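One chain follows as structure tokens, the form predicted on its own.
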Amino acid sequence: MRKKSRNFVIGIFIVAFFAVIVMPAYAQTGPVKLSYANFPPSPTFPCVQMERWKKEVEKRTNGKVVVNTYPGSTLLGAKNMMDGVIAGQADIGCLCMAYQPGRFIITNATSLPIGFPDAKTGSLVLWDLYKKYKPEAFAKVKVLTMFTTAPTSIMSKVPVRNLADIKGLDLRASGGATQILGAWGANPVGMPMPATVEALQKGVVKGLFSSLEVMKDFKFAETCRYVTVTDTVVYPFAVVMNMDSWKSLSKDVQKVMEDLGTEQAEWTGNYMDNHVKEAIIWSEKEYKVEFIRLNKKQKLEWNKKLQFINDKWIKNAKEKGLPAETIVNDIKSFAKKYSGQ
């Protein structure tokens, strides 16, 4: 009888032990929850693509994954996005590589004044470039997709009709675009896009150099009543994931995200191009913004002043041991493929 009692107690202990060890595992069998940080406000195109990606991942994994999004720098800001994701402060983050030109040398080559006709072309070229070279700068993260803005133009409080008008004008830019403004004679002022709203209001800058969707998204049309259409360069973006978070996902979930890479790049490019058209129509209708278009002779004159930027990038990249000419030629070749030339 005493032996049976002892066996009974041991049995209870074993059951209790396994309950403590095993039950938490079963308690955690709900959907995988991932945090996705972004730096601009929610209406802007990087956040629109974020919400689209979230929706597609949740749908295609049949609810296995839930993505919580954090726009407007509520989790990570523009300049600490990459390091924040590496450190695990967010599972996923969207960053503008132009903010760190020395860190993302290969992918930032897409922001050279080479001449992309639209965001769809720029986005697919950037994605192909990343896939071919797999830059060391991304070794600590999983890259989910990449995309670009539409080509950049000048938005300003005063009309810029020629190179004489731009001389000494304080204009916001970021990354390599500051060199472009400097070559044209402007005074480039580096700052993240969200800070530009207040800078324009306070007169710190007289305009900005960016893609035209911001006329509507950031309501820059309220203060910038003139647009000089230069269609010069694009800004490259990347969506990256913490490597531990990536490795913790099941193979089927990883495949869903892998399969979305090219699709998301193209979707974002198409969205961006259509959104720019909407922003132009909206700006003209709501604020009577004047769009100044350079003639062919002017365009050649403006572009000629930018050739040194490509030459300088090639020289610096070669000094770092990179196949600089091949990278630039690849970009041009990819651009011809996707623009149908």
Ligand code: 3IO
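Quick caveat: nothing in here was measured; it's all calculated off a predicted structure. Residue numbers here begin at 1 and follow the sequence given.
Form predicted together with the named molecule: not shown, discussed below.
The contact with the named molecule in the predicted complex, taken as any heavy atom within 4.5 Å, belongs to M193 out of V205, V240, M193, M257.
A heavy atom within 4.5 Å of the named molecule in the predicted complex is found for one listed residue only; from L144, L169, L112, V214, this is V214. The three residues T149, S174 and F218 all sit with a heavy atom within 4.5 Å of the named molecule in the predicted complex.
Taking the partner from elsewhere, T44 is found to have a heavy atom lying within 4.5 Å of the named molecule in the predicted complex. Residue contact check for Y36: none of its heavy atoms lie within 4.5 Å of the named molecule in the predicted complex. Within 4.5 Å of some heavy atom of the named molecule in the predicted complex lies at least one heavy atom of Y99.
Interface membership of Y235, defined by any non-hydrogen atom within 4.5 Å of the named molecule in the predicted complex, is confirmed. Residue heavy atoms within 4.5 Å of the named molecule in the predicted complex occur in exactly one stretch of 303 to 311, 287 to 295, 45 to 53, 58 to 66, and that stretch is 45 to 53. Looking at 111 to 125, no residue comes within 4.5 Å of the named molecule in the predicted complex, counting any heavy atom.
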